[in-house]
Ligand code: THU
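A single chain, nothing else alongside it, follows as structure tokens in the form predicted on its own.
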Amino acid sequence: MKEVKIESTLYVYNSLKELPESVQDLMSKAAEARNKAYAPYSKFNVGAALLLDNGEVVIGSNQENASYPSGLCAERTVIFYKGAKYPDAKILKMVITASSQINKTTSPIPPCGACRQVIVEYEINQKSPIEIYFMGETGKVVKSNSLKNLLPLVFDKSVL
């Protein structure tokens, strides 16, 4: 048997004010998208924004459905929209913010497993990392230089 150690590096900022202004602006757009989420069942609103290498910013929010599996997270909503509208553009940055209609979210909320899988597929296909920032409604912000820090053992087309 051989032991394998996997390490990830994340950066934790105490607040949005510590981030570069360009990331603060992007997070503001994600917060606008979050406020437009359709989340009548979970009462959990998520917004995401992408900065593309062509300068475009794309936003998305979670969209729920009474048939729960038919809903879609904000991260997948925005990344699929990017794929449809700007298929040749690379994603430089992704920002995510989440809030609850029940409790105040002050801890960083990372993407779910399904979203991580989708994001890593785009990262692999574009052959360059995607910077990811995530937060709750307020409080600390976490930055990862690549989705691979959040999903170190990726499943991709190379294993098919």
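Start at 1 with the first residue shown and count on from there. The structure displayed is predicted, hence computed values, not measured ones.
Beyond what is shown, the protein has a form predicted together with the ligand; the following relates to that form.
- Taking the partner from elsewhere, Ala74 is found to have a heavy atom lying within 4.5 Å of the ligand in the predicted complex.
- Using a 4.5 angstroms threshold between heavy atoms, Glu64 counts as touching the ligand in the predicted complex.
- Shown alone here, Val46 lies within 4.5 Å of the ligand in the predicted complex, counting heavy atoms only.
- In the predicted complex, the ligand sits within 4.5 Å of a heavy atom belonging to Ser42.
- Residues with any non-hydrogen atom within 4.5 angstroms of the ligand in the predicted complex fall in just one of 128-136, 87-95, 23-31, 66-74: 66-74.
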